[in-house]
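Below sits a lone chain in structure tokens, taken as the form predicted on its own.
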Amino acid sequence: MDGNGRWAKQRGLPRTAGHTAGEENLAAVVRSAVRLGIDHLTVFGFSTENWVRPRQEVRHILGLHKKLFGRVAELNELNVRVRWIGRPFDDPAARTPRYVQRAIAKAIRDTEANTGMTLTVAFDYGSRTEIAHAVETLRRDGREITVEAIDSALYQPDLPPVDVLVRTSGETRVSNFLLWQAHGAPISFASAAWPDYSSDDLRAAVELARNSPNHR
């Protein structure tokens, strides 16, 4: 979900205003995804690299994620199930604050009976860290390191392969997001910054996935 800071700068606003607008637009995108019949939507909320950002900005983003995971009533109304992907909370390198951990756990618990779309939020997540964690888990368990074994040792092994990877804000590079799961997936490049990402943009991404030779 790129471009929050640039969106704010273009409007003469602080970066935190861009993150707030981005969080609000995520709620709109979730509603659009439900209308389009999307089964799984996984969003990159906060990466393992984002902790180096200015402290005030990080605190603001953490507060927004607590608010995001607190939208339980709306998510239940939409029949959306919440999940989370990221460094395990008991990992020595994990940095997710306890109050965000509690909000994540509550959102998962309060939406687990929903049968519609699954919204997975990647928080304190990095794909290379995830792959390294999977390999280390296999080594510790004395298991052979194969493609299938790594599949089974990822943070969320039942997360389906990515059908389409979206990059917003004119970015044309691959980020450290679901690199393993996105193997062979087309990339939808959107010029809009994340706060302006629309239902039409999402519909175009879905069509790209449907027309891909690797469409599942």
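So that there is no doubt, residue numbering starts at 1 and follows the sequence shown. The structure displayed is predicted, hence computed values, not measured ones.
There is another form of this protein, the form predicted together with a small molecule, and it is not shown here; the text below is about that form.
Undergrad: Three residues, His19, Gly45 and Arg53; all within 4.5 Å of the small molecule in the predicted complex via heavy atoms?
TA: Yes, because His19, Gly45 and Arg53 each have a heavy atom that approaches the small molecule to within 4.5 Å in the predicted complex.
Undergrad: May I ask you to check whether Met1 falls inside a 4.5 Å heavy atom distance of the small molecule in the predicted complex?
TA: Yes, Met1 sits close enough to the small molecule in the predicted complex that at least one of its heavy atoms falls within 4.5 Å.
Undergrad: Whether Ala33 contacts the small molecule in the predicted complex should be assessed with a 4.5 Å heavy atom distance threshold; does it?
TA: No, Ala33 stays farther than 4.5 Å from the small molecule in the predicted complex.
Undergrad: I'd like to know if Asp151 sits close to the small molecule in the predicted complex, meaning any non-hydrogen atom pair within 4.5 angstroms.
TA: No, no contact at 4.5 Å.
Undergrad: Would Ile61 sit within 4.5 Å of the small molecule in the predicted complex, counting heavy atoms only?
TA: Answer yes; at least one heavy atom of Ile61 falls within 4.5 Å of the small molecule in the predicted complex.
Undergrad: Heavy atoms, 4.5 Å, the small molecule in the predicted complex: which of 181-189, 157-165, 24-32, 53-61 makes the cut? Say which one.
TA: Comparing against the small molecule in the predicted complex, the contact stretch is 53-61.
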